[in-house]
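Below you will find one chain, with nothing else, as structure tokens; this is the form predicted on its own, and questions on how it binds or moves follow later.
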């Protein structure tokens, strides 16, 4: 079943990749969004704002029964009817029953993702009730027979030409693809529906326990017409929308438009509380509070932070995968990173499985989230659950469980591979063509050859002369540095020796465990964590330094989590995390900013690529730029410097190489646009991906690790 599901999903990916207009539309939106968001948050402390929202939402989650009861009590006191629906079916049944009792023929709706979640429109139409979506984007996709491809902008995937064609089917005429005309046409077509509707249905952005009222944050006037003109208003509201007070509601409203669309504020903020006069009879207000898996999510120790979400959709706006395949592929009902988690709990893990594996783990969503949700960590947990339920595949299971855990066997096999590759390397360090069914791997990028002699075998002959060392550091090389780019180890020793630091290479170190962890094999990752803790702390170094940000995150974050419940290793894992530093940060913070290297470089125009796990995981991005600039190089910023390069480990080889290829193409274009002679980075994986991409499809730009460029200043 899972294989059939995967094949069907990959066919959808292929279809999306064959639609360049989709990528162009989403990229243009993303570029405009980033600029608008930056301007909207100018003068605001985003970190403080999102920390406050996270704390408030956590309180509501922990005391949700109390806040549901308080909201219900106050809403009823104001004249509303409140119904708590445990499931989507219960919510739909209540609303359909109400429509039948009131003889409703026409329902007008404003945008509501909760109604998409429950498939409310279908339930109403099956009961003989006509449903008219009045949000412009929702009306467009209703006419197209589609579902939203974005939580805030449901029809963002469609061009104005496609919309004109749809509208022409409604009017029976050829409609010009001019946005003002299409907007006016929508007004004309929808206006009578507001007047004829027997019931209006909306969602809500907030439900305030203090008052029993709800708030809608919108950019179109349709929501006010839907909620005021019909004699019955039904608000379908997820219980995660609860906030304690009006002051808390203001905090969310202050952040939501800025993070969702880059607006200082939306056009309308509507506050609705209780029954109000409506013609010759009081208006009915029914508030349906929706659980549908949210309580289960609240009880999950690994995933519960997802209930902080305020539904801004920003995780899609910055996601390279979303920008490549769109929300109809990278989503179920809810889309992108938060959509993966909500799908698992609201619609079942089987509907989230392919989405979990399509996330590249770049952490862009984590950096932009206004509720401070570590979305990547939650998605990693879901991968572990999938790995336990569906397995990780026979090939990966063999590699991780039988080979990688056995360090001697693992390294012996890599050494053997260095010999077996000879026919395709032809004596070079670069593989430009692979035969047979491997050919696709080198169609769009070249690959580095495995080194003839790994760094661990070269280490004893590396000279180190430091008379009075200020620090003793252990070097955690990681697999790529050790077996593919051993020269990075030479460069690191030269630089750190010049700065008065001696470097050791603990021979018992093994893979950091991230490949296994990201594939869902937590057991192997845990076994490797124990091996590395023992190896790296054996000689009690002052610090452990790395040249790979993924390894940095493994030592700083993952190992602590993996070994938290192991009495033998927990405290040592905490110690290792505390002394592990990326080498750029180590030089800046512990070695006087590398002043001994300042001004020694030959003039060279260099641009810098931020590796995902370095900037958004380890929090390092200023340090390498400072070191490059201080060395005497001309540093020029590229567009989207922190956008993923598409590597993602096995993601670009076995999981989703076609998506990785498109993401890499964006990065190559950004590098070329700078006119730089060299692009620097601090990740061997990015080095492999970008060097290979430039070799195959880009201009002749040199690709180098920052530590290599610093070592060159000493030549």
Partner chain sequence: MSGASIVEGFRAAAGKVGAEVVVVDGVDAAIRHVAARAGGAIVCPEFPSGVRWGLADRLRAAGSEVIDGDFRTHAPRAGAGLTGANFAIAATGTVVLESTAEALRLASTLPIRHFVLLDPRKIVADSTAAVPCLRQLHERLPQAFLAYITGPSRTADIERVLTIGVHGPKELHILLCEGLSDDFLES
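Numbering follows the first chain given and starts at 1. Owing to the predicted nature of the structure, the values given are computational and were not obtained by experimental measurement.
This protein has a second form, the form predicted in complex with its partner chain, left out of what is shown; the following refers to that one.
So in the predicted complex, does any heavy atom of residue 578 sit within 4.5 Å of its partner chain? Judged by the heavy-atom cut-off of 4.5 Å, residue 578 is well away from its partner chain in the predicted complex.
Classify residue 28 as contacting or not contacting its partner chain in the predicted complex by the rule of any non-hydrogen atom within 4.5 angstroms, answering yes or no. Although its partner chain is absent here, residue 28 would touch it in the predicted complex, with heavy atoms inside 4.5 Å.
Report yes if any heavy atom of residue 295 sits within 4.5 Å of a heavy atom of its partner chain in the predicted complex; otherwise report no. Residue-level check for residue 295: no, no contact with its partner chain.
When the contact criterion is heavy atoms within 4.5 Å, does residue 90 count as touching its partner chain in the predicted complex? No, residue 90 stays farther than 4.5 Å from its partner chain in the predicted complex.
Which of 630 to 638, 615 to 623, 191 to 199, 556 to 564 sits within 4.5 Å of its partner chain in the predicted complex, heavy atom basis: Selected stretch: 191 to 199.
Quick check on this chain: which one of 406, 159, 412, 146 has a heavy atom within 4.5 Å of its partner chain in the predicted complex? Only one listed residue qualifies here, and that residue is 159.
One residue of 96, 431, 84, 78 in contact with its partner chain, assessed in the predicted complex (non-hydrogen atom, 4.5 angstroms): It is 78 that has a heavy atom within 4.5 Å of the partner.
At 4.5 Å, heavy atom to heavy atom, what parts of 117 to 146 sit next to its partner chain in the predicted complex? List them in sequence order, or say none. Sequence-ordered list: 134, 135, 136, 137, 140.
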